[in-house]
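Starting off, we have a lone chain in the form predicted alone, written out as structure tokens.
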Amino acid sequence: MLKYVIKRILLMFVTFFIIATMCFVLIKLLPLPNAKAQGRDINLVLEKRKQMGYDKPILTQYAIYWKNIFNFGSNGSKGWSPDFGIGEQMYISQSVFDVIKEKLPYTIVVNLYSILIAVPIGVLLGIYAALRKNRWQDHFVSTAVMLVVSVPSYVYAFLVQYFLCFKTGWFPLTVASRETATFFSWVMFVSMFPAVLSLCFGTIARLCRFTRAELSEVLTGDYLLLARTKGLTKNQAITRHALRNAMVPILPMILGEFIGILSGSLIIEGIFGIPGIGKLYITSIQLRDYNFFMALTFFYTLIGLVANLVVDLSYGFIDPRIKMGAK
């Protein structure tokens, strides 16, 4: 097991390095955008470009880029202080790492709220549909799930924004600032709820469909009939055997949703004006800010790879019968 885990982690880093290299080379092949002149900031931008080797070959620039990232204790700071460069087209002359560190909590909080709400609702709806299989309840839930899955999340965002924020006025159109409320305060939760609700629809639908399919298959197993013949009631057989076996593939999916949810709010953050890294990533692509684009590409790539790794490894921990790496 340990050998398999180490192998997967090494493979993850190799994959990450390949993706990072491709993104860096491709972005550097594009024309270099002009640095915005805002007073003396233009001098700092040009100096930083020289330090990062913008006038050198691409591979030399790439080596300098990694050297700056793993530069421990740079700028007089203690510990690891990665240097991803400074903003050139947005947040001009500000440290890319500091800006991302400031905005990351907004993305984490809004996605954390959405996953905490969506997981129990999605799993319970899936269990309910499986227990009412081929009845009108099952048909109703399955049809609703298909409709939700077929519609993009930003469509729900516009509907939520129109009905809950504009027409009824129950929720504000924008998220509360950190000066007026803390991240886990009631005021912040109310202001984030429209965005949280928009993110919940897709997660609820996916979990419901997956749970319903897994539990429906488990309920037809021969061992449940054997459990009933031994004297267990229907509810006891479902609780003690069916649900436990159905959770084996469901729990890894929940773990993957929990980690990978960070990459799902790119458009939602822009719609609701959440100052998170999702909106920052979209803006960096539009304005061709190389430094912000590369740093955020690193982040989202690593999140996706970690999510896949956690899902794969969780099978072995949840179900000891699954031997990871066994031939």
Partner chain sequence: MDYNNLPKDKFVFARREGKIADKKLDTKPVGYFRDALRRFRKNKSSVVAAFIILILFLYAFLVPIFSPYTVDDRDGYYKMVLPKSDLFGWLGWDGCTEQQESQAGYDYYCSIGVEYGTSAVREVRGSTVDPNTGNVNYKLYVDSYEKVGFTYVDLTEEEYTALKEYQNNTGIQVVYPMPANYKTTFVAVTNGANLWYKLADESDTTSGEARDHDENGRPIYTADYLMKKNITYGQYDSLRLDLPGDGEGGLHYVYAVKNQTGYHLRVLYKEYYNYQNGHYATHLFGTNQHGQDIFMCLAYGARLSFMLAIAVSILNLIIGVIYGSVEGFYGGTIDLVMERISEVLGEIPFIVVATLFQMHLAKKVGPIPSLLFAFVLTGWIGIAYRVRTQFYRFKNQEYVLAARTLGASDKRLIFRHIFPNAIGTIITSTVLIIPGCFYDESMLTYLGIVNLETSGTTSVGTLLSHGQTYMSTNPHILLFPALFISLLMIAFNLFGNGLRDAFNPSLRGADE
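Not measured: the values here are computed from a predicted model. Positions refer to the first chain, counted from 1.
This next part talks about the form predicted together with the partner chain, which is not shown.
With the partner chain left out of view, the stretch that reaches within 4.5 Å of it through heavy atoms in the model of the complex is, among 126 to 134, 140 to 148, 106 to 114, 218 to 226, 140 to 148.
Listed residues L44, I58, I69, I282 were compared with the partner chain in the model of the complex; I282 is the one with a heavy atom within 4.5 Å. None of the heavy atoms of M52 is located within 4.5 Å of the partner chain in the model of the complex. With a 4.5 Å cutoff on heavy atoms, L10 does not count as touching the partner chain in the model of the complex; it lies far away.
Proximity of Y62 to the partner chain in the model of the complex falls outside the 4.5 Å heavy atom cutoff. Though the partner is left out of this view, L26 does reach within 4.5 Å of the partner chain in the model of the complex, counting heavy atoms only. Residues are counted as partner-facing when one of their heavy atoms sits within 4.5 Å of the partner chain in the model of the complex; in 139 to 176 these are M146, L147, V149, S150, V151, P152, S153, Y154, V155, F158, Q161, Y162, F166, in sequence order.
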